[in-house]
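Starting off, we have a lone chain in the form predicted on its own, written out as structure tokens.
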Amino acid sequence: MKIRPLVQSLVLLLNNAYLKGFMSGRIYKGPLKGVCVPGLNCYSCPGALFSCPLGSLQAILAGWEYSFSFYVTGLLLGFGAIFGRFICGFLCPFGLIQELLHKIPLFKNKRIIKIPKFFLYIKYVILAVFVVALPVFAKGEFGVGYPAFCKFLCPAGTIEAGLPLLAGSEGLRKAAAGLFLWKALLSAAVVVGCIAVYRLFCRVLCPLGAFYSLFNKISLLRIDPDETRGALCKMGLNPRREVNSLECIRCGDCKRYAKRRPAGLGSSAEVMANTSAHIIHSA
């Protein structure tokens, strides 16, 4: 059995092990909620035992004038410096959800898609505007900022928390207004996009992935490019030139593919030339 799916599944289950919450429709608020995990997993999911790093970061930025949590910022910096985007590949529950969505056979002839660089920068804009700028500068009615990404954009919050909570509460369903409709439509678009394109949200929209990518060049955990000879990359990268780049999630699939390559397949250059036909360069 492959190690990565096992680790991803265990992380997803551990993050959402509060089964009572799914049955009662209530959010766990015990002492474990003070622990911030590395991957994207909504705080308000009925089963969530821990805090989401993006939600925690927005919360401390929103109230920075009154208090500042060195625990959260130090933890995020430590996660990035040690792991980089390895967290995206192994330790992110919503990353696993995206991969499971991609297995749905809704579209025929799925291929590895190389997304144009312009679209890859969107997640950095979301990080700068919705995770940092709006919580700091956009004040609510009590003079305190608010978690703009969680409130307006996060599909993980809608899928993991909004839909289960609404399903179990008639009162919440009646109270759901235009904002929830917007987030539901956005989440539906993300779901369809992830079915069609491998980890579309992770690659284009996720601000947590954008944050960790800033550490990819210097993080302690890295992949040796010599171990990726003749490999394919589901993220649309060239493993020989772009391993450990900003978009590399260090899933290790390229290493496994390289090890399986038949002895008579040819040189690395020949293999990359043959496999390049599988990559679509979107306009």
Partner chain sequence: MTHGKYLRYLPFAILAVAGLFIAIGVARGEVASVMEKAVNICLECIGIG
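Given the structure is predicted, the values throughout are model-derived calculations rather than measurements. Numbering follows the first chain given and starts at 1.
There is also a form predicted together with the partner chain; it is not shown, and the following applies to it.
Comment: the partner chain is not present in this chain, but in the predicted bound form one of Gly89, Gly209, Pro147, Pro93 has a heavy atom within 4.5 Å of it, namely Pro147. The partner is absent here, but in the predicted bound form a heavy atom of Ile27, alone among Ile223, Leu232, Leu246, Ile27, sits within 4.5 Å of the partner chain.
No residue in the set Lys103, Phe119 and Cys194 has a non-hydrogen atom no more than 4.5 Å from the partner chain in the predicted bound form. From the list 74-82, 107-115, 194-202, 123-131, the contact stretch for the partner chain in the predicted bound form under a 4.5 Å heavy atom rule is 74-82. At the 4.5 Å threshold, heavy atoms of Leu186 stay clear of the partner chain in the predicted bound form, well away from it. In the predicted bound form, the partner chain sits within 4.5 Å of a heavy atom of Thr158. In the predicted bound form, Asn238 stays away from the partner chain, with no heavy atom inside 4.5 Å. By the criterion of a heavy atom within 4.5 Å, Pro135 is excluded from the residues contacting the partner chain in the predicted bound form. Of all the residues from 155-189, those having a non-hydrogen atom no more than 4.5 Å from the partner chain in the predicted bound form are Gly157, Thr158, Ala161, Gly162, Leu165, Leu166, Leu172, Ala175, Ala176, Leu179, Phe180, Lys183.
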